[in-house]
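One chain comes next, on its own, written as structure tokens: the form predicted alone.
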């Protein structure tokens, strides 16, 4: 089993997103037999899409931009069995680096020929060679809950991939994950992400019930508000941890 992890956090290994991702991967790779490759998108040369739509016309699925890292990344996506894309929520969407990468994946979708969208399916359809892969999106946010704040991102992914064609692993209250004083509580919280990875390994999917359980925050609303107040007070004083 080949697992490709595309990390969209500019904080790379130190990010809260990667901490959740590592917990998920621990369950997914438990028992061995898995080959995991981690790529930080911030390390890659990714030229923005030119909007020429050549990949839908004369080059049929091939992007005309060849002098960056997208051709290699596309090869790795095609070779993987499971693609894990992880990133923090930026202003209710994906970070800019991830958006530019996503734009360049347009060549993996079928050409738009005026077809009428069918609810519950990808808007364009997927080109041959991409079907059958499992796509997991892991994202942390600094909000107390995942309701509402993730709606724009999930709507976009639903249109691109089709509802149910990807697994949205969402984690609220991300700013608490790297606070040293909270380590024991957070370690317990992260075990459910490990269990979710194990569920994907054992069953080939993660149930809707499990996905919803992952969205339950580690702290009550009022407790989280107090933690945020301390965080921003420390920010003003210049006493900032890597959270």
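Just so it is clear, the structure is predicted and the values come from calculations on it, not from any experiment. Positions refer to the first chain, counted from 1.
Quick note: we don't show the form predicted together with a small molecule, though the next part is all about it.
Partner-proximal stretch of 117 to 125, 161 to 169, 103 to 111, 135 to 143 relative to the small molecule in the predicted bound form, 4.5 angstroms, heavy atom: It is the stretch 135 to 143.
Touches the small molecule in the predicted bound form: residue 201 (any heavy atom, 4.5 Å): Residue 201: no, not in contact with the small molecule in the predicted bound form.
Residue 84 within 4.5 Å of the small molecule in the predicted bound form, heavy atoms: The answer is no: residue 84 has no heavy atom within 4.5 Å of the small molecule.
4.5 angstroms heavy atom contact with the small molecule in the predicted bound form for residue 175: Answer yes; at least one heavy atom of residue 175 falls within 4.5 Å of the small molecule in the predicted bound form.
4.5 Å heavy atom contact, residue 94 and the small molecule in the predicted bound form: Judged by the heavy-atom cut-off of 4.5 Å, residue 94 is well away from the small molecule in the predicted bound form.
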